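Only one chain is shown below, in structure tokens, and it's the form predicted on its own.
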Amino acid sequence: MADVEITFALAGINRRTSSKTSWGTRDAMKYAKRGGIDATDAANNLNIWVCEIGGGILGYAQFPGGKSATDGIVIGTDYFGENTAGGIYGDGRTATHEVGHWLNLRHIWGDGGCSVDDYVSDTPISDRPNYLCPGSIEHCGTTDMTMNYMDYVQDDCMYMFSVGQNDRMRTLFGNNGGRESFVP
């Protein structure tokens, strides 16, 4: 288990009222001309859009290297922060999970079968997400790391990034890393 030691400071809050009831996952909320809010200096800020996404989606993120106009994460209103409306996903871990993607982490199961990797050597091979709070469970001949922030278990059952995930995230802040501009 790694202490990632990456912190963020709130730079500001921009709000916009909208009559839109569901934004979907096509980034409309990231553009003022489409009814949303434009990104704020994405080279130096993690932008977080909080809105109704729809389709059962809790959140999503842009991996490093994408367009600066859409760089950041999106979280459904019920799943942002500690929110009883989010139920078992209302303890704030959706943001932790999505920031993990923003910092170049894949899902713990690599988004595929047993031969698909998440590019982290100290996470076990798996072929699927886990839900609820399953405890010890095996897939692909290894015990899944269900307590990892990059799985889909309920918020109160996830509590760690691995050392390898920490290394993968921190690489982004080094020379020529995708988030190097964030280091003062």
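Residue numbers here begin at 1 and follow the sequence given. Quantities reported herein were computed from a predicted structural model and do not represent experimental measurements.
Here the subject shifts to the form predicted in complex with a small molecule, a form of this protein not shown in this document.
- Remark: all three candidate residues (59, 94 and 98) come within 4.5 Å of the small molecule in the predicted bound form, counting heavy atoms only.
- Proximity to the small molecule in the predicted bound form, taken as a non-hydrogen atom within 4.5 angstroms, holds for one residue of 29, 120, 145, 153, which is 153.
- The partner is not drawn, yet in the predicted bound form one stretch among 43 to 51, 112 to 120, 145 to 153, 29 to 37 has residues with heavy atoms inside 4.5 Å of the small molecule: 145 to 153.
- Mapping the unseen interface onto this chain, residue 102 falls outside it, with no heavy atom inside 4.5 Å of the small molecule in the predicted bound form.
- Remark: residue 107 counts among the residues lining the small molecule in the predicted bound form, judged by a heavy atom distance of 4.5 Å or less.
- In the predicted bound form, the small molecule lies farther than 4.5 Å from every heavy atom of residue 80.
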